[in-house]
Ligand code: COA
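Here's a solo chain for you in structure tokens, the form predicted on its own.
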């Protein structure tokens, strides 16, 4: 499928999706959101894709939502906008294929929320993360109030949300928002390094690991452990588990098939 505001490249089972609206710092408008929804649905069904890297063109990852579009909307429209954005980002978060955000520049507002919905975040030293919605008389509406607190803790999340102040890649790494911070020229290579490590592993196992972590976050520990045990047990019926254990015992690389 062709996209107007996204670039899609697939090589060596890694799909790189680039938000390509550099003149607007890749701001999220209805078209970008629709195309993100479509591309992740496409990639979910592609057998030649095992890991997805999401990044932005130019100086920004995604600098936020399109403020012109927001300013003209009333309460009902804003609520609908938030629900749609949450749905798109939740689909990314629930992807059975790992999604790595390669944050090359500004990740503000909706852009920070988009990065939060990815499974890992690799930040350039030049990256800027922030949720400045309160400076516009708004709050984060695409999951930022929920995901950030779960990731870095309530106090730190409230500090970022209530001040609206940005942090750089090094601080994002320090507080656990970013998994790594690297020189700008090493950003995509680092993201691809994570991707290559993941591609060696069982696709079904990775999908169920994502489901275990995601599904356990809002449960009690005992409920989360029960979910983990159920998903762990379910892998006994997979060809990948048989292949992985056989390969280990035979001291050879595993040839996973995703079945």
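This is a predicted model, so every value here is computed, not measured. Positions refer to the first chain, counted from 1.
Keep in mind the form predicted in complex with coenzyme A (COA) is missing from the figure; the text below concerns it.
This chain appears without its partner; in the predicted complex, the one residue of 108, 161, 118, 181 with a heavy atom within 4.5 Å of coenzyme A (COA) is 108. Of the listed positions (52, 63, 191, 32), a single one reaches within 4.5 angstroms of coenzyme A (COA) by any non-hydrogen atom in the predicted complex, namely 63.
Stretch-level contact analysis of 72-80, 86-94, 153-161, 129-137 against coenzyme A (COA) in the predicted complex, using heavy atoms and a 4.5 Å limit, identifies 129-137. Contact between residue 196 and coenzyme A (COA) in the predicted complex is not found at the 4.5 Å heavy atom cutoff. With a 4.5 Å cutoff on heavy atoms, residue 36 does not count as touching coenzyme A (COA) in the predicted complex; it lies far away.
Using a 4.5 angstroms threshold between heavy atoms, residue 67 counts as touching coenzyme A (COA) in the predicted complex. Shown alone here, residue 13 lies farther than 4.5 Å from coenzyme A (COA) in the predicted complex, counting heavy atoms only. Contacts between 3-28 and coenzyme A (COA), taken as any heavy atom within 4.5 Å in the predicted complex, involve 23, 24, 25, 27.
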